[in-house]
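Presented below, as structure tokens, is a lone chain in the form predicted on its own.
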């Protein structure tokens, strides 16, 4: 048994879980029945865990086509009386925001959790937005856990708050909290009914203007009760030091760093750690800050708590000095760490820093630029695209690209990503470029991203008679976030067989007359079809279909069909096309200047053998 034990009804049992896995345990203990998501790091492991255990736990779970759909699925379950959760990475909430904002108005019946996994430092994201602002914007409660066991408890607590005040509750994690491991002690599982019933009430659930005006007023009126909830929340607490001359207010991952630093250096700082962070517990903060001449605010990204704390201080005429973003060490940029917190406190406490202590930020790390994997079919596609464009000297071709592994086409020698905005935006951008310029436009989008947000823009292109080539890079999985299923493969979020939705039939169905499917490993065929597409007037769709090399490699090893390639040095002319234009990480130049293939990295895809014009690449014997 492994992660499957997470569903056991054994109070007191302990497991060493990821923060994301603890979300699932809390969901099970809290009687959650419906869960939905679109996969996105750092929230991916929540879905991966549910994929493994949901059926056994009697939970319905799905990987929805995008975050907006996922939110609507979960909210419909909630208004039918079931406890539900939708989870996503922070930018996913931008996609879901239209419906999300309305759920605050319509309210809920069964407990409804919206979990946003933020990514300070942008380890796997295109921006660093602080989604605590969404809770303030929508006027819904916000909880910020500090460790996996607290996540488990907060999920159950969030259900209770949601049902008590009939409002969605946001739980906001960060990469560090989502991916940290810790001991989680199981509580009892709250058994809830499996099927809900939707009792019609258009006055509540249909926010036409006359209803919306009343619902907004009701939302404002709910705030008083929610503020009282925050004041007495067990997730807001004070940690006293031996000689607390100063105060500090903190939340989330920054709370862990602050506590570690204060304890390690025995600093005279009392800490107010806040887990229920919107609305803030005004009275608790007022009573805390008035005890100190100086209070530090330690929070990652935007100074949201700091600004609110300053308002509380001014409201009650408290003279305490509040120090948060100092524009030096604490800025709205990037995630914090213990070294950063220590430097900040030492600076403002006038303590000489211990230069002998190893400091994470001062340790030089080798640069490791991301590259496409050996055998990746996207490399073969980009090689073919560049080869054809070189033939026509189309150096000014515009390459709108998208979010996924194939974004790495930005790297040389391919240079096939000129602009990226968000999921599905490559097709929308291609629409604009085809109208605004006379340059060739070749856009790229992945299979999962096509279903997520690419289809409306493709319909727009066909309707408005635009002219560009769209490559749908179909590796038959949501690869970048861990190989989750999507509508293009015959498996659903519970691991069951499911209808497969055809990308090419969708394109044909909206009237596009140039739709071709190619195997990117077949370089000649791919180049021939792309050549035809460039000459076609209107929108051309090429589906470059070949399974993700990681899945292929696992399958080939399991089937005992593993081969690798090598360079026949007698045939090699050192033209270096395989190095300079194909750029597989398995191919390298040794100390003697000879081109060779790393047997460990080579996955035997064999595309390089077709790239070589001198047939110098052969199966290793």
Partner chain sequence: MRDAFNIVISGVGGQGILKLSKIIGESALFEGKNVVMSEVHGMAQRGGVVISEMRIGDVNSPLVEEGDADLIIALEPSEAFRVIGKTGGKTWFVINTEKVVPFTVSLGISSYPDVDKLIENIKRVSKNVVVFNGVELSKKAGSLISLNMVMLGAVSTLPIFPLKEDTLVKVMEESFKGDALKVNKLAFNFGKEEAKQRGG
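Numbering follows the first chain given and starts at 1. Predicted model only: the values in this text are computed from it and were never measured.
Beyond what is shown, the protein has a form predicted together with the partner chain; the following relates to that form.
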{"property": "Whether 76, 127 and 189 all lie within 4.5 angstroms of the partner chain in the model of the complex by heavy atom", "result": "no"}
{"property": "Listed range touching the partner chain, judged in the model of the complex by heavy atoms within 4.5 Å, from 273-281, 174-182, 509-517, 323-331", "result": "174-182"}
{"property": "Proximity to the partner chain in the model of the complex, single hit among 264, 496, 245, 240 (heavy atom within 4.5 Å)", "result": "264"}
{"property": "Residue among 411, 99, 522, 460 with a heavy atom within 4.5 Å of the partner chain in the model of the complex", "result": "411"}
{"property": "Partner proximity in the model of the complex: residue 587 to the partner chain, non-hydrogen atom cutoff 4.5 Å", "result": "yes"}
{"property": "Residue 10: touches the partner chain in the model of the complex, heavy atom cutoff 4.5 angstroms", "result": "no"}
{"property": "Partner contact for residue 373 in the model of the complex: the partner chain, 4.5 angstroms, heavy atom", "result": "yes"}
{"property": "Exercise: residue 303 in contact with the partner chain in the model of the complex, heavy atom 4.5 Å", "result": "no"}
{"property": "The partner chain in the model of the complex - contacting residues of 39-60, heavy atom within 4.5 Å", "result": "41, 45"}
